[in-house]
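This document contains two forms of one protein chain, each encoded as structure tokens and listed individually as structure 1 and structure 2.
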Structure 1
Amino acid sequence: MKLNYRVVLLIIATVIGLVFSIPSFTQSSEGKKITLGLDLQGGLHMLLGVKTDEAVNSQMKSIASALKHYGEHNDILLDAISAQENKVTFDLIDADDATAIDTYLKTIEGTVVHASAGKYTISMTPEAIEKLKVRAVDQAIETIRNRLDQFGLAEPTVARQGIDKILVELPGIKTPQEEQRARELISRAAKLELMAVDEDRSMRVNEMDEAEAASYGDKILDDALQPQLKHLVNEIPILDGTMLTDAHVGYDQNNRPVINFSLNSAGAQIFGDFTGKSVGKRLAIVLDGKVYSAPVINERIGGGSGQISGNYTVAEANDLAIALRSGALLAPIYMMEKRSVGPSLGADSIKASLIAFATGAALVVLFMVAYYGYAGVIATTAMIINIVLIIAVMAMFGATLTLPGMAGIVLTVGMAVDGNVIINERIRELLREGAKVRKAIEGGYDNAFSTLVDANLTTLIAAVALYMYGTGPIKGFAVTLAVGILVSMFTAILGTHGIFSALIEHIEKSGKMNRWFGIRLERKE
């Protein structure tokens, strides 16, 4: 044995490789390891779309609410306030208030105001709309992440994809029930609105249609608990959930779970103002477009807290409190893609690919050793180190191993061997031409080098294209393929060269080319 820099590098790489791949093999909790993809460990993968247009809508409603409150607070008479088709319109009754209202409207950012003869139209600038849409997606990501964190699932992933899509991966989901709960939690708009009941007309709510309600600036909402019950409320809410600071589960006098919420100071102020003015009228607590209760206001309510009661189980109340706490979704989300894999299928897939892997590897080893003799053994050693290194590199980067990724590793085994086949064939050629062993080995590596680099780099190009345009599992395949190509160039070119160099005196002494390279040379006299 003679040490040379190549074999030293190989040994160092192998040791590092082993150290970094052990956590992945044992799946211990310590150290960086390869995470199994959802297709292997089971779990839920969702691609959610965000309806960003709705965010604009609800922004307009917020503006209308604020405007209404401003008018009431400052004794400015505003009529026919409505928020529709991305516009807020209202009439100013007294022209003397024009300066005041103009000053107020200027404080609302990103809007354009048109006014003629007391009729106002507020719309958003295109830039503001763009910004709002981006913010809606950001906010949805943040909100969903918050909700999932509080839900207590293991290692949830929430990430933006493209412009208005959100990728959610939940490896911890095991049962359909869990999945259902998680999906409900994520998608819940959790939009809390406090709305005034239109006491003047609410008697006629059952005869009214949407259009007529709209003509009074009202809208008809269903009751959450009694489906046949309808409520007529002012279209513009008194305040909404953006002013909510906390929500937690409590119990009512019948020991049923309820959700207690509290408002921030601005919200408490509005709430107090409204309740002070509306004693004897009803206040509807509306969650996601359904009325949960509509108690009569007995007195001014300061302090800014309220209660939602809705025949909840403790778990439901808990999830709802989480949703409210993490804030409403500015824009609703919808399902674009969903893949859920049960844990037993993942286990089956792992088993199947391991069998394929073991059989494939065994075949290759058998083949190589039978064909090349000791050179085949060296190639096999390189191949095994190759696999260890792939796993180590993937673990270092915290990459995910998917089912196609496993196929990628199996393929790499075949490709790693190709490098050694090319080199060994070159060595044989030189030996046949009568070169001495040392010369043949050096020459073989020299001749094969440019072929190997070109051949592998072009394959790498395909892998990179796969990575750039692939999604999910295909990306996983591209990663293993690319890592496999790079690692196999290292082990096949540098590693085996090092082993040959270390053994060269041994090979020269033995002189048995059949045993070493599987080749019979005609004796040259």
Structure 2
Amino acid sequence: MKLNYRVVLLIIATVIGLVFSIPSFTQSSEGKKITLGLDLQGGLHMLLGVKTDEAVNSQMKSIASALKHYGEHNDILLDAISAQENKVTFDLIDADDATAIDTYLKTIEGTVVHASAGKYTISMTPEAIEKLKVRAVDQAIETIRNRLDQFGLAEPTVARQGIDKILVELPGIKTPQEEQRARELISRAAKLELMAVDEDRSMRVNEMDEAEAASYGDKILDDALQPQLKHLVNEIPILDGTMLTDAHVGYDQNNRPVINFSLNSAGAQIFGDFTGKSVGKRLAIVLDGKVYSAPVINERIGGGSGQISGNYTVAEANDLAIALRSGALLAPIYMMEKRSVGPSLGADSIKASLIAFATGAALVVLFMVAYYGYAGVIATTAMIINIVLIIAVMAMFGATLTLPGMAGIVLTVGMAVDGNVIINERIRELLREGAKVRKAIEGGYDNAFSTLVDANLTTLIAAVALYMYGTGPIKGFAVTLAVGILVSMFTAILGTHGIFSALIEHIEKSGKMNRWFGIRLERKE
């Protein structure tokens, strides 16, 4: 046997493939392994709806908050600022400020402004509302994905379904506690607001109803730690979580977990301005509509940082910090469908797939050896190396193996020998035409090359399209198919060619084409 560069490359690839595929085969704790998808290891399947109409309300509150800060910063007197029923209304006290306020309102894109006798109404255009609803779903997908990534879940699936629905699949969620924690992390709005307490009327908060509070431009919120305690705060927040740049877990003087947050420069400016002129008053830190603390402002607070305290465990504080860092949801989400996939179902799927794989592989091996002789053995060797390399490549890149992905591997078993069938047939044709063995082998590979490249290239294009436009298991199938195509081309075109080249002298000496290629040549008289 004479070594050549093709055989050397095949040996190197095989060794690398074994090294990287063994952890997946043995399921050892060390080394990179293939991640099993939801359908193979079990987990949580959820279909979430997005209340896109709420995004419009949230946007109008943001506009009102920015308008209020603009008026205070430029000494423009604005009264009765309110954000209700998808519009912002306010009164301009001094008509001399009309030019300045009109100029500012023109900078707010996607809005329509009506002004009459100092009374202003701001609403969004229908086009802007539609864009905002689409953005709310896109933002929810991105936010959920970021939260799950920071949560540490491997290969979660987060994808749009229809117009305003989101599919979430979480492989590896096995216990009710893990499921509950993941659900809370995903569905939490994480809407942080800093709101001024209405000091003039707060003593009467327990006697007020929502309508009376709204007549003063206020709203009543529950205390997060003492539900019986009510807070009366201004309806328009001082600022919200869109200006938050960081949130992390810390500990207070009693060693209890708290969440420290930081604001961007614009938020820090607003925060500093408000605290500077509100010394002696209270500032409510509101998260998802509940007041977590309402400390008295003792002095101007610069630097744009704050703290959220509560009776958190370390895990709860960490999840809240993740939710805050990932950003608040523009619109609330709600559960439309929830389904737990048990690991036993995945184990059954794996068992059935392995049976199909073993059966298919055995039949292919029997056919190849019976029909092509030693050439069939070489093709079978290439097929085994092909499977090892597929597992290794997927493990190296941390790909997820789903049930369709296993079908893709089983399919690859056939594709792996398909190239060798074409090559062997070309060699047999040349041998029947009287070519020498060496010339027949080289001619067989040359003639089959363009056919193999064309066939595999078109399949590869289809796999790329599946990956680009598919979701979840479809992507898993596309990945295994694409990796299988590339690896099978390597083993069929380069690997088996190298083996034949290494054995060519032995084949020529034996002269037994029936054993080597499964063909009987008639002797010429």
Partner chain sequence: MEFFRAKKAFNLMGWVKPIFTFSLLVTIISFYLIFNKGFIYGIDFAGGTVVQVKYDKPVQIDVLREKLKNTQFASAGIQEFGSPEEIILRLQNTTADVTKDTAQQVTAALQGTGNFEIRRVDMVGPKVGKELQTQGILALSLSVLGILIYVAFRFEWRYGIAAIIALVHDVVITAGMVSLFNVEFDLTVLAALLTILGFSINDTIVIFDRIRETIRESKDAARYSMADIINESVTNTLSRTILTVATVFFVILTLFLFGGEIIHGFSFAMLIGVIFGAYSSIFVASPFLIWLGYDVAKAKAGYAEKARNRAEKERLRAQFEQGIV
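If you're wondering where the values come from, they're calculated on a predicted model, not measured in any experiment. Definition used throughout: the rigid core is the maximal C-alpha set that superposes within 1.5 Å between two forms. Numbering runs along the sequence of structure 1, starting at 1.
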{"item": "Form selected (criterion: the form predicted alone)", "value": "2"}
{"item": "Core superposition between the two structures, C-alpha change of residue 357 at least 2 Å", "value": "yes"}
{"item": "Residue 290: Cα shift of 2 Å or greater between the two structures (core-aligned)", "value": "no"}
{"item": "Rigid core superposition, residue 257 Cα moves 2 angstroms or more between the two structures", "value": "no"}
{"item": "For residue 41, CA displacement between the two structures after the core is overlaid, in Å", "value": "2.9"}
